[in-house]
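The data below hold one chain only, encoded as structure tokens and taken in the form predicted on its own.
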Amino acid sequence: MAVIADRCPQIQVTVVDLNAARIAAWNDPDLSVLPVYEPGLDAVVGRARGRNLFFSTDVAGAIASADMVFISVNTPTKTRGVGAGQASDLRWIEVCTRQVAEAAQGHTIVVEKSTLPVRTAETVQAILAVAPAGKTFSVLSNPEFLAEGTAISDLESPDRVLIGGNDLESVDALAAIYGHWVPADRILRTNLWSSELSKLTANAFLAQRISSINSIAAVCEATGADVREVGKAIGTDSRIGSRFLKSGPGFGGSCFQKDILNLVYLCGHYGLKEVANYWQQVVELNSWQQQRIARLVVQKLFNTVSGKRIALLGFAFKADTNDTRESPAIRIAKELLEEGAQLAIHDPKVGSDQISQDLGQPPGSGEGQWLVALDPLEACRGADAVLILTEWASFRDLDWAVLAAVMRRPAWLFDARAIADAAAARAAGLQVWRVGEG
């Protein structure tokens, strides 16, 4: 919405939320305290806010005055009931749609922005169909394909904009908005169901590549090959390409696992058992990769980490974001805590409160506990090992001579992102494991 407002100054954009504290943060004159950390977002908000970009808790009022409403609410995986662990929980979609039906005036175009199961639009249409007389609606699907950390550039220069809908006039209206800065040949039009399925499929294919290269990384470690060399060799094949061929601790974030599990549930619903099993394996291998890394740390540290201090660098699921949803660091940290490790966690953008929420326990000092370190040096002080889990740029240039000097010997570097200077770490006296390196 910020980018649309920035690129279309003649369009008034109002972002609404029931969370007053969050809206207050979006309106704070200090752009450094925005609720979401994303490179470049503060500049975009700074240009448009107060001009044609507004943040408000007046949900009903904003809907009533809108020609177009984007539904951008959370759709987490269900934790109970039918489809628990796979299907999306659509309660907030329903609540939001009912509020739109109640508050809208005249004709309103309703745009699905959240990642949704195929044919969710039928539910939205059914609720809007019983709105009070005098109101009409068109429903479109406009899934987002941006990546956290590069979201602003992804939006400003997208590979494609996908709009699904059966009302051509409404499709054209939304396309015209993007047309202010997106070339016409990059704006794709489909039916509603193809658009909804395309989002799930795109994330499933990207996650599949990550699980695939991580499976090969394990083979490389066993055989003496190097996954980076293998990835480069196969990536030069124009049929494969080089993207998403970097091995690591597995995929995380708000979409990949949720969307694949949603696809698995969808396939099961339609009796496509073999297809469901295929995509389920992508998720299972991702979990296995994280468990494998945690167990390898324990194994290398003489088969026990009980009472040992481990510096854990990086908690966000990827660099340049403060998002920890489904972060590989969560599962790996929990495995090590279960083994009795004392974790010293440092992440440039993730704070103690978020880590407490993700690990399900407050910080503390001692066996099976964790604490926050202000910098890598503090994290490594007295540590038996340092484990890199997020590819923050600052972790590429660590001074291993300085860090090794404050660690307990023998000491290990476990580089799950293969970004550190392994030669410098070895020269400093550390033993080094890098993912995918035999």
Ligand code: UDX
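A quick note: this is a predicted structure, and the numbers were derived from the prediction, not measured. Residues carry their position along the shown sequence, with the first being 1.
Although not depicted, the form predicted together with the ligand is the subject of the following passage.
Consider K199 of the chain shown here, and say whether it contacts the ligand in the model of the complex, taking contact as heavy atoms within 4.5 Å.
Looking in the model of the complex, residue contacts with the ligand include K199, since a heavy atom lies within 4.5 Å.
Given that the ligand is not shown alongside this chain, does F244 nevertheless sit within 4.5 Å of it in the model of the complex, heavy atom to heavy atom?
It does: once the ligand is placed as it appears in the model of the complex, F244 has a heavy atom within 4.5 Å of it.
So in the model of the complex, does A147 come within 4.5 Å of the ligand, heavy atom to heavy atom?
Answer yes; at least one heavy atom of A147 falls within 4.5 Å of the ligand in the model of the complex.
Answer for N322 alone: is it within 4.5 Å of the ligand in the model of the complex, judged on heavy atom distances?
No - in the model of the complex, heavy atoms of N322 and the ligand never come within 4.5 Å of each other.
Which one, L312, V297, I163, C255, lies within 4.5 Å of the ligand in the model of the complex by heavy atoms?
Among L312, V297, I163, C255, a heavy atom within 4.5 Å of the ligand in the model of the complex occurs only for C255.
Just to be sure I understand the contacts: of R331, K318, R292, R228, which is the one whose heavy atoms reach within 4.5 angstroms of the ligand in the model of the complex?
It is K318 that has a heavy atom within 4.5 Å of the partner.
One stretch from 218 to 226, 269 to 277, 200 to 208, 69 to 77 that, in the model of the complex, holds residues within 4.5 Å of the ligand by heavy atom:
In short, 200 to 208.
Just give me the residues of 409 to 433, first to last, that have a heavy atom within 4.5 Å of the ligand in the model of the complex.
Residue within 4.5 Å: R417, and no other.
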